[in-house]
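Just the one chain here, laid out as structure tokens, in the form predicted alone.
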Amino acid sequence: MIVVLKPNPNQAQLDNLVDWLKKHEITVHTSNGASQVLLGLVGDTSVLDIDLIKALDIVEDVKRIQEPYKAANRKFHPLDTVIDINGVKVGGGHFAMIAGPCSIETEEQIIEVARAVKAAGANLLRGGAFKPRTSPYSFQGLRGQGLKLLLEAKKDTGLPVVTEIMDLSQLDLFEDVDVIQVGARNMQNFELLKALGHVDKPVLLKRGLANTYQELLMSAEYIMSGGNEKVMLCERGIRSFETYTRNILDIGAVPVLHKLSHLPVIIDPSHATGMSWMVPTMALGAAAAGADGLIIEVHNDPAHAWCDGPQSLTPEAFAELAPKVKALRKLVVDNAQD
């Protein structure tokens, strides 16, 4: 339920309303817009008398909503959420370029790639320490040692870091990580999501291989309902009948998720296609569609990468792509302002 307040509501009356709602075990999310204040009510609102609320002097209107997700819903939060990651802003017109290797292999590798992507324009560094793999015989990542190397690259370059968590038991190791990534396979690991709801860190939540937009937003709701509203949604490709590419990149997710939710939307063209030669085209398509950022795999020697080499750009290819994305993004923003 959404309560639309009249302009400049009396603070004492507002406090009384909020206290009354809380007595009914309703959680109240306040959204301050340019001209209106909205109260998003989460809980069993069936116990509330809508007519009674409407009759209050400070209330302009009351609306029920049908979607099961509340905190992630744009109806509750009309303005785009902007997430600040150690000075790097994402969403609300701020664009993030996240780049780095699929898997951290050596200190020399991660630092070399980190320096290269930063020089090319990336403002966040990705690198996998814990790797969920289809085969138990594939490289599973350097785990704790990988995190240490990633943080060395952060210290060397100053780039905030993004890396994936696979299990709740690993959470203590992520204390110095700037953005915790939840991979596609864990999108509905609800115990992990609930725990991340109590962590004061941005979360990059990837859409599952066969999950709907609503299911993705409900997973975001798990995190946000715990108090952590710093969630970024990531489209990384969905499974289809076509086998030529690794997955199918759903570019339509960008406008749809922006319509349904206020959260930033990031596109991963590397996992979506599985082919490095397609990554630049898909990255530009995502930027043109209005994505709030890209997460791209970059490796200094893709032919010998320990993981996902075929979908990784070289540092040179990334350096060629980055200014094109920046220029296209500027055109999109300028056009939206006209």
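Quick note: we count residues from 1 along the sequence shown, nothing fancier. Everything numeric in this text was worked out from a predicted model, so none of it was measured.
The same protein also exists as the form predicted in complex with phosphoenolpyruvate; that form is not shown, yet it is the one meant from here on.
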Stretch in contact, per heavy atom within 4.5 angstroms of phosphoenolpyruvate in the model of the complex, of 214-222, 88-96, 188-196, 128-136: 128-136
Candidate site Gly183, Arg236 and Glu297: all three near phosphoenolpyruvate in the model of the complex by heavy atom within 4.5 Å: yes
is_contact(Glu164, phosphoenolpyruvate) in the model of the complex, heavy atom dist at most 4.5 Å: yes
Contact label in the model of the complex: Lys70 to phosphoenolpyruvate, heavy atom within 4.5 Å: no
Contact of Cys102 with phosphoenolpyruvate in the model of the complex (heavy atom, 4.5 Å): yes
Lys230, heavy atom within 4.5 angstroms of phosphoenolpyruvate in the model of the complex: no
